[in-house]
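The chain below stands alone, shown as structure tokens; this is the form predicted alone.
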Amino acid sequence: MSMDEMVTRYREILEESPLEQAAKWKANHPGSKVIGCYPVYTPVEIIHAAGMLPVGIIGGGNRLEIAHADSRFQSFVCSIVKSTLELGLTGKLQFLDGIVFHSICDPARNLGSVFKRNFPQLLVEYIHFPQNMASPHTVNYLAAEYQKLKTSYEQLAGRPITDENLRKSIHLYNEQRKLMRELYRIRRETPQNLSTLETYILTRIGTFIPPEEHIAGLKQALAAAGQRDERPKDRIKVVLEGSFCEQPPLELIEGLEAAGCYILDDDFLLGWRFFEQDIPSEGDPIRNLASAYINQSVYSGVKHDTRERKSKHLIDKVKETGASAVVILAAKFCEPALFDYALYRRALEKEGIPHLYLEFEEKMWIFDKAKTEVETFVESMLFD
């Protein structure tokens, strides 16, 4: 299968019925369990080591009509909270055996309680991630949180989660993340050969299928990308930030590129690419996972870490990639992204790095305004 054929096939799945992929997997594996993972980050290795399939529950896209969830939340709540509840209320999450939430923001915290009350058949878990990353007790605390999750999933799966199984799962997800990092490296170094949309689609499909299957697809995609030799277009090189939780529609990502941007790096689907180095598999695997979150994970607007200025990672990313500008693409009503933007703007202006701020909603389907804003920004950069 060629790269174009693979991306077209995956795009059709993502636009029409991505959750059906997980439902089919469950139907083909009688007795198996499926656990939904609300963004941003979940230690999927624990779920996989129990013989269960972790599936990204990352909203419902812009083809899902919100008919029931609007009456359960305020109007000033982000789209992904409403679309996730809509999926549940309309029976599209019936194949799930459990779902795990964590401390992204206040609406996400509340959504966990709403799910527990409305869907009693689901095992609803909640991870309290640490808020003091500099404490010497942080690793022990998070390891205890993971141990509670492990015990709960052992009961659901009806089998123990052995250290050996955990090590195998850590090794497997290390390979998956390594291949995704390679995908991003190719796009960063030769963006004319691999578009942001292609990278996104190839990454997003991995949130619905077993990692073994995704790894095979990534290897095929990387081989195909390595054969391309396209001529660069007259575009500006940018870094995109702000879409770490709610995901923009595919058409919006496509439009940003078409408007004249080579996006060298982004924070799309950040929780599935949360580590820049492999997690050690030797020793205590639960403690290794906890330590990796504290010491090896990438920056995220929903991870409170006072050990480094919030804007430093963005400035460093611009300099390391050689980008000439930043596009802040934040979900409407996303408090973490909006709080971060106040700091980003000050730092970018101090460094003399041009930036464009855009807001989106998962359910949006008109993109002309955003495309025009990007085109104007690109022209101001190219012809200044």
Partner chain sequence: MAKTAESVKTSYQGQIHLLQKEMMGNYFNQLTRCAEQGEGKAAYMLISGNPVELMLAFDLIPVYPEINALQLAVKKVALPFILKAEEIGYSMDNCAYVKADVGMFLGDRKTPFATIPLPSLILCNYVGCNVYLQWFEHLAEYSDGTLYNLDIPFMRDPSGKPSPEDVTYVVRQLEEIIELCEKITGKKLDYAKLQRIVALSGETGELWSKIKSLTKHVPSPFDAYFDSVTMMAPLYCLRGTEDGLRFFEAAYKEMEEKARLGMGPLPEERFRFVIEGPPPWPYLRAFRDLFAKWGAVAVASTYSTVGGLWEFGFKHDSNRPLESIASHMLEWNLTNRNFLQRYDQIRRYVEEWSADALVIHSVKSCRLFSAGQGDMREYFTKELGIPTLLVESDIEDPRYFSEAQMKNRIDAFFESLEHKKIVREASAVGGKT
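Positions refer to the first chain, counted from 1. As the structure is a computational prediction, the values presented were derived from the model and not from experiment.
Not pictured, yet referred to below: the form predicted in complex with its partner chain.
Heavy atoms within 4.5 Å of its partner chain in the predicted bound form are found in one stretch of 201 to 209, 256 to 264, 107 to 115, 181 to 189, which is 107 to 115. Using a 4.5 angstroms limit between non-hydrogen atoms, residue 155 is distant from its partner chain in the predicted bound form. Under a 4.5 angstroms non-hydrogen atom cutoff, its partner chain in the predicted bound form lacks residue 316 among its neighbouring residues. Its partner chain in the predicted bound form is not approached by residue 86, whose heavy atoms all lie more than 4.5 angstroms from it.
Residue 283 falls outside the set of residues with a heavy atom inside 4.5 Å of its partner chain in the predicted bound form.
Proximity to its partner chain in the predicted bound form, taken as a non-hydrogen atom within 4.5 angstroms, holds for one residue of 92, 159, 72, 228, which is 72. Only one of the listed residues (196, 176, 165, 138) places a non-hydrogen atom within 4.5 angstroms of its partner chain in the predicted bound form, and that residue is 138. In sequence order, 332, 333, 335, 336, 338, 339, 340, 341, 342, 343, 345, 346 are the residues of 328 to 348 having a heavy atom within 4.5 Å of its partner chain in the predicted bound form; the partner itself is omitted from this view.
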